[in-house]
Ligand SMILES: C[S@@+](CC[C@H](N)C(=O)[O-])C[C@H]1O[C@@H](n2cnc3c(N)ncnc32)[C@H](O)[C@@H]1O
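Next up is one chain by itself, shown in structure tokens, the form predicted alone.
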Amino acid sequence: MSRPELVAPPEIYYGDIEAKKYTNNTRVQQIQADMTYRALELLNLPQDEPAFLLDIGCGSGLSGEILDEEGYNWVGVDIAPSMLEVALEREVEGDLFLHDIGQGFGFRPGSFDGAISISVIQWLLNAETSHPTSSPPHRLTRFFTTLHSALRNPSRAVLQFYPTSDDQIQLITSIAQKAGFGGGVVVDYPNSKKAKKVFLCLFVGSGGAQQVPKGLDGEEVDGDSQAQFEKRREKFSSRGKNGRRKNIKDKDWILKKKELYRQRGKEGVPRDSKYTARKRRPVF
């Protein structure tokens, strides 16, 4: 799959600025990384096998960078051109598509080994227009039906979202089940107002034999709970598929990636120079 050409008109330059501010916010980066690692834990992919993943609402590629580091190939879709522009500037490895997920997906059946989404699907609950086909149930139905088709059998999709009520959770879950998914809701830290996170863990295939994972428990994600989470994250993320600790994004790694892109015929690959792999100062 080739990357789309994204040309931003002058009226959305302000959106580009806001997208860069969002991406460079260290707190946003930390939250996004934590939830992506947790989504991958719930996805429960085989340890020593490659996987092709779909990142739904990929934004500027913060979660995609985690997928890169874990050695997965991925495709990202997002509705915001400004966020995808930032992802292209940051040279994430995934293929990027400008797309409204409420319209459903057009991928070949069984294309992906799994899917993740961070803080996105609650936006499907907003009606775009007064037309019946723009209602939340219609958009959710198109989303889940085509997502189910795009995933191989068996596989999982893990979708983190922010519901405002139990009714929203029930609506989303029921439409996902009607589309053919098994699974259910996983709630981490249910007794904490700050740390509570809701994940929709969906299964394709396996005859319904898979059980919904248990959520993380505790009042807060600090002290011992935070230490345990960081220890688990380090164990999960610091080693590659061969069990060796990875050295991510050093100069050799970047040079190899550029050469790979040139061999694939990608246009606009930056030239190698003495500045390659130097850390960039934040724009803001």
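Note that residue numbering begins at 1 and tracks the sequence as displayed. Source: prediction; values computed, not measured.
Not on display, but discussed next: the form predicted in complex with the named molecule.
Enquirer: Open site or blocked site for the named molecule in this chain, with its pose taken in the predicted complex and fitted by superposition, and blocked meaning 3 or more ligand atoms within 2.4 Å of backbone or C-beta?
Expert: Answer open: no ligand atom comes within 2.4 Å of backbone or C-beta.
Enquirer: If the cut-off is 4.5 angstroms on heavy atoms, which of these, Leu200, Val86, Ile118, Val204, is the one near the named molecule in the predicted complex?
Expert: Here the answer is residue option Ile118.
Enquirer: Under a 4.5 angstroms heavy atom criterion, identify the one residue in Ile79, Leu171, Val185, Ala127 near the named molecule in the predicted complex.
Expert: Result of the distance check: Ile79.
Enquirer: Among the candidate stretches 130-138, 171-179, 95-103, 67-75, which one is within 4.5 Å of the named molecule in the predicted complex when only heavy atoms are counted?
Expert: Of the options given, it is 95-103.
Enquirer: Residue-level question: is Leu62 within 4.5 Å of the named molecule in the predicted complex, judged on heavy atoms?
Expert: Result yes; Leu62 sits at the interface with the named molecule in the predicted complex.
Enquirer: Using heavy atoms and a 4.5 Å limit, would one call Ala39 a contact residue for the named molecule in the predicted complex?
Expert: It does not: once the named molecule is placed as it appears in the predicted complex, Ala39 has no heavy atom within 4.5 Å of it.
Enquirer: Gly57: heavy atom within 4.5 Å of the named molecule in the predicted complex?
Expert: Yes, Gly57 sits close enough to the named molecule in the predicted complex that at least one of its heavy atoms falls within 4.5 Å.
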